[in-house]
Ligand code: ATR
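Given next, in structure tokens, is a single chain: the form predicted alone.
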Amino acid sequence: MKYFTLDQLVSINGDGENPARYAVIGNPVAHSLSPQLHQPALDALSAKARYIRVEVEPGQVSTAFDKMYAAGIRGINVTVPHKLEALESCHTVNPAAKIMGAVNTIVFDSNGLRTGFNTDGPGFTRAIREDFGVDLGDLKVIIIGAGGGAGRAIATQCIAENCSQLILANRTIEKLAPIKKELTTMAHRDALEGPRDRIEIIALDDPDLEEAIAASELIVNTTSVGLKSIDPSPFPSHWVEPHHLVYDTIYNPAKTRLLRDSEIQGARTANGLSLLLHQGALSFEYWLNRDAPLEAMRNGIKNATKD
């Protein structure tokens, strides 16, 4: 079954064999790769548990959490459009998730109380280390599409990792001012010496965007531009230089126009599959309080995304 509705939860564990213990909620949710990520991990540990998809309507997240716990679910992943509503529906929220303004992982305690976490930021740190062999905190970063949830989570992680420079770029710059203000209060590093501020915001149509990209070392695309094969790069690809590391949070297609063009320019590139892997592994570790079987999870999503 591709997914369950809330009304179907009462019967998901009727036979008691390999009960559903973990789930992802979203709307829509049928496309989520989370089961292909987590079921192989559960199987590798002989956990005798299932991971399912549950489609939840906006405004029903808190009710969904109650029904899912009653049905036997003990850990939840949260995808769009529910990450903010999930945060508001938790009894306790991890401080980093509060700053990121969204929750993507729910852990139930024995009394059904909910704690919310956001694994996107820490997962991104692990992804950059794996893909490029460098620490996020050692890089000057520009985030394209920083006004969205993924962009904000990654921006928050950049400051938590003490990046020396962070540039937030977005189509509507009005979204960035409050994010910059909040991140500035987090920053605990001396101001960057040189012509640029420690944290800057810029519109995607600003003529100075090319210079901002040139001044960065890691370029992160968190926009949806690239999901369609006909999509262009979110900015002129010839702005990319060989010294750049280019990370596109899109993983399907595996190579967006931005990544293809960046490779031609001589840059090193990576897609969002590593972020999917590591944010999922962190969720798994919160739920089971043990290391996630990374290779089982990696093989699961590789098999799921084969052409």
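These numbers were taken from a predicted model, which means no experiment stands behind them. Residue numbers run from 1 along the displayed sequence.
Only in words, not in the display: the form predicted in complex with this ligand, which the text now covers.
- For the options 106, 150, 168, 73, the one in contact with this ligand in the model of the complex, meaning a heavy atom within 4.5 Å, is 150.
- A single residue from the set 118, 222, 77, 156 has any heavy atom within 4.5 angstroms of this ligand in the model of the complex; that residue is 222.
- Not displayed here, this ligand is kept clear of residue 184 by more than 4.5 Å at the level of heavy atoms in the model of the complex.
- This ligand in the model of the complex is not approached by residue 229, whose heavy atoms all lie more than 4.5 angstroms from it.
- Among residues of the shown chain, residue 92 is not one whose heavy atoms approach this ligand to within 4.5 Å in the model of the complex.
- Residue contact with this ligand in the model of the complex: residue 214 places no heavy atom within 4.5 Å of it.
- The stretch from 120 to 128, 205 to 213, 169 to 177, 107 to 115 that comes within 4.5 Å of this ligand in the model of the complex, counting heavy atoms only, is 169 to 177.
- Contacts with this ligand in the model of the complex, taken as any heavy atom within 4.5 Å, map to no residue of 87 to 110.
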